[in-house]
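Listed next as structure tokens: two forms of one protein chain, kept apart as structure 1 and structure 2.
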Structure 1
Amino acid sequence: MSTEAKITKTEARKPRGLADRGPADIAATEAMMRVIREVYSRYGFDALETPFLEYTDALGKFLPDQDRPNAGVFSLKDDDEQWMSLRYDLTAPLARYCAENWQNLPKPFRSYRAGWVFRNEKPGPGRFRQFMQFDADTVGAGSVAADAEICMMAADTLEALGIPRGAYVIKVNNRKVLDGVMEAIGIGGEENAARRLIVLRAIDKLDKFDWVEVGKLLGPGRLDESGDFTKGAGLNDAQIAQLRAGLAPLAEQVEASTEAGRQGLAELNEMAALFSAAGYGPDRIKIDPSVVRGLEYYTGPVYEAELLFEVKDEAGRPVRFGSVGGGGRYDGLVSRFLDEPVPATGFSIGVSRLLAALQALGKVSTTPEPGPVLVLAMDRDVAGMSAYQRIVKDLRDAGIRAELYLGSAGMKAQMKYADRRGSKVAIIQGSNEREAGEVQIKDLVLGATLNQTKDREEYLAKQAQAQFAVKVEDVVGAVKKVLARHG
């Protein structure tokens, strides 16, 4: 390893906040998404996919915590000098798709899509710059029955995944209620739009911060541990108190003091009636005035899927698992492009968050696929390799996962490789066996327990089962028998 050689080598590394995924993670995610797709399909939603790159202006700027232009997204210029961005969610591209194809779509348009999205943000533990979302949306339906249906679908999905009733709740609120409260404390109107957004995002942090810290964000601003200062909404103490009262359950006087507030309450009541009629009690879906959602584009009902069971945080303290998805009504997003109003509502699951929850509950198998039957490469000449290749082919033709060792290492390393791969069977044919038309079959599972056997008779019997010779033409049958021993 000379220094000279090292200098010329490229370093093998990933950009920050990006991850590789192995077979167990991929299989578990696939299994989970299959269940979600089944539920969504039963609800009448169809699959749709949009590309990873969109024109930046078509995506719009709807990310929270986005202070600089283009911050939060990965952007690059196309040949014709137009800015493109990697999609940061699946809602903005859907709005572009619906607007582009509106004349030809069945209306309402019901679709679901799973896909990777990208955020150009500071990565952290469990916080990636590429992650997967699974969305379902109804576009072209103004009735809150559409919102109610998606909440019920979210509940059904969590139960279909094995999360027991009582371990989750879908919390529902309505932006108009909050708009009413904000109007009541004097920050209504176009001129206060930026301030209202700060208020929304502050309240959205109530799952992480207490009212003291959120109060700072609502008031003069907040200095975090790292020394970063976040500008506050500039509300005074009386306004903050009234806002807090408006977020409390049954604060209907405050909420109903404006037209927006009254409308929001009426819509919540209608949704509650639909939930109740369909048999979804407050143990599954409940109205909760504390839900706000941090995104600017919501215009009516907002909802959040929360898991109630506890897990340990990094410090070993028990904490609620928390949100695994959410959504709401975004009536303005499609009509950004069109000359007609297009009401819409949708729900987004954080795929890796939900998978982590299922793993915490033991509802996802993390057992990798069984390793292949390994045919060892004893003689590496063409005759030897041809013979091994034929054995492997026979096994595969019989539907058995099998592989010929293709590296250059010796027998000991090959057995170690079988172990690494989780192989249950190894097949060995030296030149003597080849001449006799035979192979040795090794039961690696049984073989691993041999030295725990004390009794000599039993040892010999087991040993005979753990390695034995068969004719080449009987390999498939013999391997099947050994595999059957171990389920």
Structure 2
Amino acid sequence: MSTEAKITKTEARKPRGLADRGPADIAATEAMMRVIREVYSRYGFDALETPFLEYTDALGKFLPDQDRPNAGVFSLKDDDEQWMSLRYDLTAPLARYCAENWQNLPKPFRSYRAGWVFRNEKPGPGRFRQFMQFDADTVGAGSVAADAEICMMAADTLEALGIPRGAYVIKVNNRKVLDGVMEAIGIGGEENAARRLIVLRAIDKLDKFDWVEVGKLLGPGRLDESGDFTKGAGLNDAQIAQLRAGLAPLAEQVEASTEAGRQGLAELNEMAALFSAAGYGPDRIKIDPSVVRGLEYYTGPVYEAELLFEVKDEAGRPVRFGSVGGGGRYDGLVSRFLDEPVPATGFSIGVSRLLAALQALGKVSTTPEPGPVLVLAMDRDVAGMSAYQRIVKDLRDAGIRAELYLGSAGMKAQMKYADRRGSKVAIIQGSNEREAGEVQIKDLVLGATLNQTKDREEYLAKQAQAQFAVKVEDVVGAVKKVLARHG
């Protein structure tokens, strides 16, 4: 028996709450984002990119607790002992960027950004620690006309992606209305900021939980199915009842009891008039008092893009995607860095959730890009590999996706590799073909159907098309014809 110590292999494992993405998913995502980008650009928004990492204090008091920088975000210390965090969303980095460059930016400043964001939270079904957002924001415009335009753009974006009118709605509310309700039930003021945030996050779960469960989060707290306990806001039954009344339609008598509530209602009425004037009826955009959004930095209008249609899951159960994006006005976020007020508003699309909905509707292809034309490596000496590289280069120069097989397997295994790659064409050149200045071209799609052909004459005709010889100088033209044959 060997006395050598057993070598322990490192286990290949993916961190919880993170996902790998393959070619089909990436291609579908890029196709969807191209449409979103076109709509945002048509509205006059320009591209901007910010780093994945920000100094933790720049993320703001409205985000995770500064005394516990890893609560809610993933953080690390720089070599100068300053805390840095992976960005929690794309809005806080935009606020920092605008503050740093405010003197040189056109005002209002209109930008769109797409990228990964990170949440140090418990993962679950459909809830990831890393996910992609696509944002558009107007910074420096205090009029609710800017908020109304964002809502119109959200509606146009969904329709441009193929979601028909009636299958979605942009729901609009105003945080001042809810602030008025919370002030009326006695949790206004800076000293109650933490409780208000718990209330906001609880109400924001109404699309997942019924009022019984949300009431637990508003009251003493909630124990979930896994046994984890979420501390509640500590409201009593009377406060919860009044809060619920303030979220119900036609609750003006409660909401207008404070100045904040009256301002919020006036802004909603102004936005409704703008929607109507631009031809966006309630079948596309509607006022809905149930919209709150879960972040405290919102200061005025808030909105959500909700999908209304249902699809069936693998077990045949109905599934509704619900909210696929949202945003609102955050007039205090940029001005934290400056000595002047800087109003701002923006909208964020949850890329993965929206993509899943589009795939369920059949609006985005889940078929991966066709594999490359594969040039087999029959002779691996310098002369053979040089000849294959010239063929591959000619194909690539002609705009054809092509690959030279660089493994060590034989011809049969190389053909299996072509099948796994999804290749439609393979090119074979042994020593005899090279001496004759030719190659063999195999139509792999047609070849796969030969065994299904019963008629002899048809079989021979297909066989002649499925593999044939051409001169090396004619390879590009011949490959283009085969690819065109299969679309």
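Under this definition, the rigid core comprises the largest set of C-alpha atoms superposing within 1.5 Å between the forms. Owing to the predicted nature of the structure, the values given are computational and were not obtained by experimental measurement. Quick note, the numbers are simply positions in structure 1, starting from 1.
- Comparing the two isolated chains, structure 2 is the one taken from the form predicted alone; structure 1 is not.
- Residue 41: CA moves less than 2 Å between the two structures after rigid-core fitting.
- In the core-superposed comparison between the two structures, the C-alpha atom of residue 278 has shifted by less than 2 angstroms.
- In the core-superposed comparison between the two structures, residue 337 has its Cα shifted by less than 2 Å.
- Lined up on the core, residue 388 has its CA atom moved by 5.1 Å between the two structures.
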